[in-house]
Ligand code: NDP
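Next up: just one chain, as structure tokens, the form predicted alone.
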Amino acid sequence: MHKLSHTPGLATNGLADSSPHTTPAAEQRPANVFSLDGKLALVTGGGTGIGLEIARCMAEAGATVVITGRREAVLREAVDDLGESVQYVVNDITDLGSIDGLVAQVEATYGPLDILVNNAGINLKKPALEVTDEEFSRVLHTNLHSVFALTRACAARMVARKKGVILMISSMAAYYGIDRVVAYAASKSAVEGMVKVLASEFSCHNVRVNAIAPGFIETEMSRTAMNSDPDRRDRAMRRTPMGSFGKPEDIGHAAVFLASEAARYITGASLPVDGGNSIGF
């Protein structure tokens, strides 16, 4: 793993100084408000699927990106694909005792974190009456407890620096009732609530917190799931006004936007990237 230098971004996120001596907003803007040049991002579960494309899109927008996951071979392959601006650290976010060390390692090696993307998560497709306490707890531990612990560790540093962006990955399961995903839906609904509370607490410190709610996105995992349940696939397609499933890069581009200066006045929001699925009939 190569050590990359980290150049702090020139742009400042958050609320503008309202004093009469403030430089006009047009003069404060970076040349490209969608650029992530000089930013450092941490993306959990960045070795495959949506996480991989979030990392790719952020790197293409100019960020240095550190991806994490449990499988080093997968992470190494992802880094080989994504290029020199992306590096990896092997980590299991469900090991809560490792999280402070992870954040400290990333910042000691690459510099202060500007962006956290809580992408890693698991699902469980099973009728609610058959879900055991252990299964329910495992999904909530991964999708909620671990997300909060990592967010807390990163946010403490961001709040102290008065600068940062935190992104959560939510789901259509937090928007409407999808059968057989009770644990997953509970975890993502809780993430939606957490976004609102954290945005209320952190935004005054120039740390924005938002969520992206993917619709039905084509990944290897989702294709396998949908092909095994054609009725579910067809229902999903029927209620998606754009008439197609999304691509992982659609989530990546949304993440770049929310992490950039273009979204400097957006916090506490959940952005559906779903082809209209959440409003479809």
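Start at 1 and count along the sequence shown; that's the residue number. The structure presented is a predicted model; accordingly, all values stated were derived computationally and were not measured. Take the two forms, superpose them, and find the largest set of C-alpha atoms that agree within 1.5 Å; that set is the rigid core.
FYI, the form predicted together with the named molecule isn't displayed, but the following is about it.
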### Query
Can you pick the one in D92, E135, E192, E107 that has a heavy atom within 4.5 Å of the named molecule in the model of the complex?
D92
### Message
Tell me which stretch of 150-158, 84-92, 201-209, 108-116 has a heavy atom within 4.5 angstroms of the named molecule in the model of the complex.
### Response
84-92
### Message
I'd like to check something about Y175: if you look in the model of the complex, is any of its heavy atoms closer than or equal to 4.5 Å to a heavy atom of the named molecule?
### Response
no
### Query
According to a 4.5 angstroms non-hydrogen atom cut-off, is L40 in contact with the named molecule in the model of the complex?
no
### Query
Would S35 count as touching the named molecule in the model of the complex under a 4.5 Å heavy atom rule?
no
### Query
Using heavy atoms and a 4.5 Å limit, would one call T219 a contact residue for the named molecule in the model of the complex?
yes
## Note on the structure
Within 160-191, the residues having any heavy atom within 4.5 Å of the named molecule in the model of the complex are I169, S170, S171, Y184, K188
### Task
Answer yes if the Cα of R238 shifts by 2 angstroms or more between this form and the one not shown on a rigid-core superposition, and no otherwise.
no
### Large Cα move at S228 between this form and the one not shown, threshold 2 Å, rigid core
no
